[in-house]
Each structure stands twice: as structure tokens, then as C-alpha cells.
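Consider the single chain below, provided in C-alpha cells and representing the form predicted alone.
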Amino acid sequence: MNLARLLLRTALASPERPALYLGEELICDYGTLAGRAARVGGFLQGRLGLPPGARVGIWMANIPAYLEVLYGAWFAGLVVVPINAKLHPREAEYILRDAQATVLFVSEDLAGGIAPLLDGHPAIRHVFVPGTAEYRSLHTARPLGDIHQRDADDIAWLFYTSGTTGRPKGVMETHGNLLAMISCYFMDVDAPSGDDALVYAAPASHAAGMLNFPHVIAGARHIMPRSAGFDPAELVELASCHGRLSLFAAPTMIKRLVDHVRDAGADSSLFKTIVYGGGPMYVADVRQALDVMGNCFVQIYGQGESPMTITALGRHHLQDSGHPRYLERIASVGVAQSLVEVRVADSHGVTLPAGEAGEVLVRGPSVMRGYWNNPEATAKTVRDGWLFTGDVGCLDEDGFLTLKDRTKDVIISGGSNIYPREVEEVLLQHPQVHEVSVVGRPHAEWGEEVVAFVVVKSGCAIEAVELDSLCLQNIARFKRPKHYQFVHSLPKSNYGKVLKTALRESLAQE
């Protein structure tokens, strides 16, 4: 089953249904969107002669052309390689080279930066920039008469990991993987309808872009913000214009949106579903978000290796404040999604009992085919069908998974494991703490000691002794930070994740 059939199905049934907007402006209906995708596919297959399985790079901001390029490549049976628009040109060039992409679609704002790097590139033969005459010529190509047949195990999306621990690896996500993800979305996350509007506020190269599938199936509207990114004030305006707005957001983005809605007194009822993931959402932030915006949140936990499809924490869990373990549950990432199995294991892969921390493993039809041209990494990560995520967590007796940290972030002090998130949750209880990140620093006697980087709210001041007292009231003495560094901001990746590697490097330099 080729994913392009999802778009064609909706276009045939409801061709005049509005499909794509730029801000408040209607760009095209579903019939037109599918027609453009068929012509893009016809150009790539017919005029360029790309064979099935050839890789097509997409390095674009969130612009209207994104969806027609994505589906156009699938119409022709090709593999898309979406690249985060926030990456440096050299990072994008590495991905294109590793994927052996032969065609690149790049938005105008990024084209100038990568052009010098493509001179003499061994694989890239054609570069298209939406908005130019050359790109518009794609729309004059003969549309494909039929979608190229793809099997469930054929690669659809080559997803490159963030590369925080080295060069990014290409995750081979198949048509079958993504169809399993879509099924889980309808069963465990949300049920979009034709009245909904999906706004692409986070990079379409990642989870935000993958939300397109269930919304295409439902015949919902797709909105590219004029900012091509995340702006809380713009999102509120789009919600007022379109209503029933849905989006994917990282926890740092949610915090900014909630603060804006609260401060502006905006109507939060116009937001239908906000899916969050990509990092921990602290309990204090979850509770504030629910207080300000109501029952519109769903949490997902997944990885590129099992996209958006490991666990989910549904609206009903987030709203069940009367449950005796409510605070524990909203600190978790929910329960296994319907089509996967999740367990926690020790270093030998042996399943651990409820309550014990170990590595999170997942098995199911959403788990990747493997890493692109990297069989050694594949064999290390997928064993006997189980994906070893590299995340530390524990399952409770009810099946709720609570993540501790990445295995590389666990602090071992005096032979005891300290999970940074546990310390961070406590420090965030202080009313004047805006953000915090905890890392380990080498210590001659204890192996490592705990260091907390703290961002204080604007206009406030905190003494380290206050934070120390707060920790001593809530966690064991050996877990409390031995040093507090007050900083103006925390270093973050292009996806909004705090870069603990950078924090550890800054401590090493000191």
C-alpha cells in the first residue's frame, strides 16, 4: 500500500473540500492538491527518469509546496528524505550525501546557503526551488495515470536522527511502519474530522509533518503559518480564523503557547488537540497547561525508529485528577499504544518487574526496517524484533511507563543511580524557576556529582540555599545538586530539546 493512496482517496471522494492554506488564505482544494502531486510525480518519474526507491531530498521551511512534493514523490514510488529546515547547510549536505539523494527540493530561504556545497556533488542532479519558473514547470508535466505500487516493507521516509551523539543515522521508515503509526493515532491519540484544521508549527520534516496522514484521511484542512514556524500569537490568530486547531508541539513550545494564552486572555477553546512529545513535560507545566487551556492535550512517546508509536497518555488520563496516582500518571508517558508491546529490561534484555528501572524496549509493526547502510547499528539497536530505545524507564502495575532519562544522562554518584529528571521536577516546584536542567560532572571521590543549570523567571532572584532546601524536603540527600549555575537560557537543539551534552562540555571547559 502506497501512502499516496491516502491523498488520492480523499481527493476522489471530496475533490472540492478545502485542503491547504497559507495563514488565512486558501491555496487549493483536495482535488487540486492531488492533481499537483500527480504531476510532480509524473515529472520525477517521466522527465527525470527516477526509478522506484530513488531518494528525494526535501529541505524546506513549512511552505504550501511541502505536501505536494511529499506526496508527489510517493506517487512515483520514490523515497523522501525530509531534512529539518533549521539545520546548517553542511548538516543538510551530509544527509543528502549519505542518503545518495538525486533530487533536492529546497525553499528559497535555504537555497543560497546550500548551493555552493552542491557544486560537484556526486549524486544531486536536479535542484528545485518552489516559487521559481523551473519549479512551476513541474505542474505542466503529464500526471501519473496511476500510483506506483509499493509493498509494506518498501521504504517511504528516510528519517535522519538528530545526531546528538555523533553523525545522524538514516532511519528506514516503511509504508507499513507509517500505516501502523496512522492506525495507532486514530486508536490512541485523536480522531480527526473534516472540520479540523492542522497547523504545521513545528518542522514538517518530523512528527508535525507525520500528523498530515490522519488529517488527510479525514479530509481536514492543512495550514502553513506565514511565519513558517512557531509563533504563539500567530497560532491564536489562526485558531480564531479556522477554529478546531490541532498541532504537534515540543514541551518548550507548549510552555510558550500556554504563557501567551494566559497573558493575552485568548480563547483556548478554539484549540482542539495539541499533541506533545519529543522530550519530558514536567508535572508543573502539565498542570498549568491544563488549567489555562483545558482538555486539549495528548502526550505521545516515540522515536524515529518507531515514529510516534510507543506509548500515549490520553485526554482521559490527563483529566482524571481524582485518581489516587494522578500525579504519577501525568508524570508518565502513558501506556503502550494498541499495536505495539512495551517492556522494561536489564542490560541483558531480561524483563524487569513493575517499578524497577531499566531500558525501554518496544516491538511491533511500527518499528523501523533498520538504519540506512548501517547494518552494525541496526543489529545493535534491534534484537530479536525488539527495539532497544536507549531510554531508561519503569512500568507500574497498571502499565504506565515513566521515563527517567536517556541511558547516557543517568548520573552515577557513589555507586547510586540518580535520574536528572527526578531532580528537575523538584526544582521546578520553586515558583521563581523558569527552566532547569541537571547533569553530572566528574568527581574524584564519588565518580560524578550533580550540577543544576537554572533559568530564573524575569525580574526574580533565587539563592542556591532555597533550592537546596527544596530538594532536601523532597528527595534523598545524595540526589540534591552539589552546585547550582544560574544562566540566562539553556542550549537547545533545533527541536527544542535541551542539549545536555553542551552543558557537560561547558562544565568540562571550566
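Worth saying up front: this structure is predicted, and the values here are computed from it rather than measured. Residue indices: 1-based, along the sequence shown.
Keep in mind that the form predicted in complex with a small molecule is not shown, yet the notes after this line are about it.
**Q** Consider the chain as shown here, without its partner, and state which of H206, H148, R315, R343 has a heavy atom within 4.5 Å of the small molecule in the model of the complex.
**A** Flagged contact: H206.
**Q** Note which of G294, G194, G355, G279 lies within 4.5 Å of the small molecule in the model of the complex, where distance is taken over heavy atoms; exactly one does.
**A** Contact with the small molecule in the model of the complex is made by G279 alone.
**Q** Within 4.5 Å, heavy atoms only: does V333 come near the small molecule in the model of the complex?
**A** Although the small molecule is absent here, V333 would touch it in the model of the complex, with heavy atoms inside 4.5 Å.
**Q** So in the model of the complex, does D285 come within 4.5 Å of the small molecule, heavy atom to heavy atom?
**A** So D285 does not count as contacting the small molecule.
**Q** Closest heavy atom of A99 to the small molecule in the model of the complex, within 4.5 Å or not?
**A** No.
**Q** Given that the small molecule is not shown alongside this chain, does S437 nevertheless sit within 4.5 Å of it in the model of the complex, heavy atom to heavy atom?
**A** Taking the distances in the model of the complex, the answer for S437 is no, it never comes within 4.5 Å of the small molecule.
**Q** Is the small molecule close enough to F159, L403 and R406 in the model of the complex that each of the three has a heavy atom within 4.5 Å of it?
**A** Checking in the model of the complex: F159, L403 and R406 are all within 4.5 Å of the small molecule.
**Q** Of the listed stretches (302-310, 105-113, 344-352, 219-227), which one has a non-hydrogen atom within 4.5 Å of the small molecule in the model of the complex?
**A** Heavy-atom contact with the partner occurs in 302-310.
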